[in-house]
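Starting off, we have a lone chain in the form predicted alone, written out as C-alpha cells.
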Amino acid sequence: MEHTSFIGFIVDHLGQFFSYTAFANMTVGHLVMIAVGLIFIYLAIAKEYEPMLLVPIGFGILVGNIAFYPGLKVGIYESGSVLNYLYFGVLQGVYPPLIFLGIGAMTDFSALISNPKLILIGAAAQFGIFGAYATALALGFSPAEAGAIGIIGGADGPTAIFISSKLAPDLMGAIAISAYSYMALVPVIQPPIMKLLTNKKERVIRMKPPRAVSKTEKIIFPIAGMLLTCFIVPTGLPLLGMLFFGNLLKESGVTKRLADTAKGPLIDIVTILIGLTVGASTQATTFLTAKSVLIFGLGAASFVIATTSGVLFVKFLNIFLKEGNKINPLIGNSGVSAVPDSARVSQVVGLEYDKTNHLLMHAMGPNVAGVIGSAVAAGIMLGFLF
C-alpha cells in the first residue's frame, strides 16, 4: 500500500513538474517566433546583416518565446521579473537617447557641413515616414498608432522605439522588429530601387571633392544644430539633444575620454539591452496578431517610399544645378538614417558602373542628415499626436 502511494506521489509531482516546463505551455505561435529568431541569428552570422543588432534581437526572440507557466515572474510582461526591469528602459524611452549619444560621438558631419544642400536629400527621404503615416491611417490605425508606425520609414530603430514608447506602447514589439529588420536588409532592398530609378549617365556622375572643414566649424555645428532643431521641434529634444551633445564631445577635442565612452562601452551596453529586450517582447501570445503582420508590410512600403523619394529628389535637384555641380542620384538612397549602411550601398552600387568613382564620402552627407531628419520628424509626430 505504501509502495503504491509512493508511486502515486512521484507521478503527481512529475506531472506537476511537467506542467511548469515549456513543453507543456508551448503553442504553435511560440514555435513560429523561435523560427523567426533563428532566421535573424542566421542572417546576422552567415550574411553579416547588422550582426550587432540582429544577434541580440534574434536571441531575445528565443528568450521571449520560451513558454512558461503564468505567475513565475520570468516573462518580460510580468511585473517584478528581471526582464521586465530591463524592459523599463525601452518602455520609458531611456535607451534610444543613449544610443543617439553614442551615434553623435562617432559621427563626422564634415560631408554635410562642406555641402549643406545635401541636407535636403535627408529631408526628402523622410517622405517615407509621412507616406506610411497616411497609409496606416487609411487602413484604420489610430493617429497615434499611425505616427509610431510611420517612423519605420526613417530606417532608425532607436527613434522608432522612442516614438512607439510614447504613442503606441502595445505595438512597440512589432514596430521595433520591423524597423531593425529593414535596417539590416538595406543592402538587399535599396540597390534594385536605385538601379530602376537611374540611367547609366546619372550613375557615373562625378561630384566635386568635399572641401576641408575647419575645427571651428565642427565645434559650432552641433551647438547651432541643437539650438535650431530643438527651437523648431522641442519634442525632439531627448534624441536631438543627445545626438548633438555626443558630437560636441567628439569634436571639442578636450573630452576624448567621454566621447570614447559614449561611442564604445556605453552604446555597446545599451545596444545589447535594447536588442535583447525588444526581441524578448515578441512573446507569441502578445506579438502574433494581424496588426503585427500589417505593420511589417507597412514598414516595407515606407522604406521603399523613403528610398524612392531620396533618389527622385536628387534627380529633381539636378535640373537646377549646372554641369560640374550635379549630384549623383545614387546617393539619394542614403537619406534614410541607417548609418553608415545606406551610404555604403551608394558606394557599392556606384562602383559597379565606375570603379574609380567613390561616392561614400558624398553619401555620408545625406546619411547623417537623415539621422537628424528622422529625429525631427519624430518630434513633429510627438508634437501633433502625443
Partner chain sequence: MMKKTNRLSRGLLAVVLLVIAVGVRAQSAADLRINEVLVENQSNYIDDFGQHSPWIEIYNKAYNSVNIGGLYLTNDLENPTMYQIPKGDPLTLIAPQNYLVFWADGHSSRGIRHLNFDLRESKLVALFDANGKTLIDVVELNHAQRVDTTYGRLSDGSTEWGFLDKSTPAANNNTKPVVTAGDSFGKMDPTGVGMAVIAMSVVFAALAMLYAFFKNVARLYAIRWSEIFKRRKVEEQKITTEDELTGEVSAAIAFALHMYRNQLHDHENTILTIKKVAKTYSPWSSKIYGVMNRIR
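As the structure is a prediction and not an experimental result, all values here were calculated from the model. Numbering follows the first chain given and starts at 1.
FYI, the form predicted together with the partner chain isn't displayed, but the following is about it.
Contact segment among 298-306, 168-176, 76-84, 223-231, judged by heavy atoms lying within 4.5 Å of the partner chain in the predicted complex: So the stretch in question is 223-231.
Every residue of 116, 134 and 376 near the partner chain in the predicted complex, heavy atom within 4.5 Å: Yes.
Partner-contacting position among 262, 186, 124, 242 - heavy atom within 4.5 Å of the partner chain in the predicted complex: So the residue touching the partner chain in the predicted complex, by this definition, is 124.
Contact residue in the predicted complex, from 258, 120, 266, 193 (heavy atom within 4.5 Å of the partner chain): Looking at 258, 120, 266, 193 one by one, just 120 meets the 4.5 Å heavy-atom criterion.
In the predicted complex, residue 208 touching the partner chain (heavy atom, 4.5 Å): It does not: once the partner chain is placed as it appears in the predicted complex, residue 208 has no heavy atom within 4.5 Å of it.
Close approach of residue 143 to the partner chain in the predicted complex, 4.5 Å, heavy atom: Yes, residue 143 is a contact residue.
4.5 Å heavy atom contact, residue 313 to the partner chain in the predicted complex: Taking the distances in the predicted complex, the answer for residue 313 is yes, it comes within 4.5 Å of the partner chain.
Interface membership of residue 199, the partner chain in the predicted complex, 4.5 Å heavy atom rule: Judged by the heavy-atom cut-off of 4.5 Å, residue 199 is well away from the partner chain in the predicted complex.
Sequence-ordered list of residues in 348-386 near the partner chain in the predicted complex, where near means a heavy atom within 4.5 Å: Contacting residues: 369, 372, 373, 376, 377, 380, 381, 384, 385, 386.
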